[in-house]
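Here's a solo chain for you in structure tokens, the form predicted alone.
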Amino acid sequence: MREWAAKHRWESILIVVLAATIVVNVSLSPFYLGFGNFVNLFWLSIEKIIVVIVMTFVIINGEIDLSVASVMGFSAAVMATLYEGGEMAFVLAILIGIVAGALAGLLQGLVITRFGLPSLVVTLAGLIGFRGAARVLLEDRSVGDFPEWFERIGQQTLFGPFPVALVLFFVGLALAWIILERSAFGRKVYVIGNSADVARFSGIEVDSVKVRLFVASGTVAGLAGVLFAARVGAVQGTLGETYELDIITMVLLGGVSIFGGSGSMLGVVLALFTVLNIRNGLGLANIDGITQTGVIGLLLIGSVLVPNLARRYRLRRPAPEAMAHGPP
């Protein structure tokens, strides 16, 4: 156990923080430990945690995608607009909406790799652009009245108490862990995140990997937007607004370096549990949504600041051998 804690120091800290959060939440409400509350904990944030899976790959690769929440809204808006006219089969509208998300990711990936622009700048433009496109498509309207079978996907359970989206999350999480930890593609993601130049000298097609990751990010964001529409039964231009804050916080709090090249799916899952429980606890304490967002923002700052301060301390600290020999 000690060896595991020493090897997974950040994950060990997250376990302690998560345990403390659960203790506080139990004191806030006797209903917190109910199984239904745990299912709702995931259900009400399912779109975020689905996107967290692919965001983990993007950030380990040394990039970032700030546009995911806007792409969610854009994909859902495309689907709703096509369906609203009544001239297109709803299944086809869903597929086109998800493809729109994939194309958004492809566009951003190509701009980043072909022009050498920072993903922070490109996806920030995407955040604004795709959100604007969603608002143009829907204006101030709320489009709903979807087929009953579609709303059942988002609002009813599939296996026992588990909704379809939650089952998709667990399946996606298992696949992501296998790809990241046990596949050649996962190793390429880490190598590129550590040094793109070294990866190129090693024969890795760096641009191809990056573009594929952004396409995956856009596709998953598009799927999440469709699932969000199924859960709430309507689509507005503001769908998923500010979700990128929680998504990125979960990844960075999980120990994934903002500079790329390091991190684990285990840490991200622990961070995911932690953020969801913190939000749940703040809700139980009747703290408003704006304050909750502020708390998550502080978590984001801490998840970037603390690891970097620890890294600087380790670099400045003299090696044990040097301390043993003393000054020259």
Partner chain sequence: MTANKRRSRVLGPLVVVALILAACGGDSGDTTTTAGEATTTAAEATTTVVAETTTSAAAETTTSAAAGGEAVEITAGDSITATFLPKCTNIAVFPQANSGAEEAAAELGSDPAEFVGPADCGDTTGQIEFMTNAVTQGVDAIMLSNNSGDQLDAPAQAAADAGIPVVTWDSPIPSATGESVFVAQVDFDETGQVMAEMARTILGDDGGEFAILSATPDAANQNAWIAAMEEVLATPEFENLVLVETVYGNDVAEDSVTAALGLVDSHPDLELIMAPTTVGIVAAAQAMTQEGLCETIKVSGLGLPEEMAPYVESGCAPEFALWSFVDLGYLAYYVAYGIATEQIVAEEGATFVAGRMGEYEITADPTRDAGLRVLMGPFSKYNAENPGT
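We call the rigid core the largest set of C-alpha positions that still match within 1.5 Å between the two forms. Positions refer to the first chain, counted from 1. This one's a predicted model, so the numbers in the text were calculated from it and none came from an experiment.
FYI, the form predicted in complex with the partner chain isn't displayed, but the following is about it.
*Asks:* Among 230-238, 67-75, 84-92, 179-187, which stretch has residues whose heavy atoms lie within 4.5 Å of the partner chain in the predicted complex?
*Replies:* Comparing against the partner chain in the predicted complex, the contact stretch is 230-238.
*Asks:* Could you spot which one of 132, 118, 161, 147 gets a heavy atom to within 4.5 Å of the partner chain in the predicted complex?
*Replies:* That would be 118.
*Asks:* Quick one: from 209, 248, 165, 122, grab the residue that has a heavy atom within 4.5 Å of the partner chain in the predicted complex.
*Replies:* Only one listed residue qualifies here, and that residue is 248.
*Asks:* With the cut-off set at 4.5 Å between non-hydrogen atoms, does residue 226 touch the partner chain in the predicted complex?
*Replies:* No, residue 226 stays farther than 4.5 Å from the partner chain in the predicted complex.
*Asks:* Residue 27 versus the partner chain, in the predicted complex: is there a non-hydrogen atom within 4.5 Å?
*Replies:* Although the partner chain is absent here, residue 27 would stay clear of it in the predicted complex, with no heavy atoms inside 4.5 Å.
*Asks:* Using heavy atoms and a 4.5 Å limit, would one call residue 196 a contact residue for the partner chain in the predicted complex?
*Replies:* Contact check for residue 196: yes, within 4.5 Å of the partner chain in the predicted complex.
*Asks:* For residue 22, is any heavy atom within 4.5 Å of the partner chain in the predicted complex, or not?
*Replies:* No, residue 22 sits far enough from the partner chain in the predicted complex that none of its heavy atoms falls within 4.5 Å.
*Asks:* Between 9-47 and the partner chain in the predicted complex, list the residues on our side with a heavy atom within 4.5 Å.
*Replies:* Counting only heavy atoms within 4.5 Å of the partner chain in the predicted complex, the contacting residues of 9-47 are 31, 37, 40, 44.
*Asks:* Once you overlay the rigid core, does the Cα of residue 291 travel 2 Å or further between this form and the one not shown?
*Replies:* Yes: residue 291 shifts by at least 2 Å between this form and the one not shown.
*Asks:* Using a rigid core superposition, assess whether residue 300 undergoes a CA shift of 2 Å or more between this form and the one not shown.
*Replies:* Yes, because once the rigid core is superposed, the C-alpha of residue 300 moves 2 Å or more between this form and the one not shown.
*Asks:* Given that the shift is 3 Å or more, do the Cα atoms of residue 66 and residue 297 end up closer or farther apart in the predicted complex than in this form?
*Replies:* More distant in the predicted complex, by 3 Å or more.
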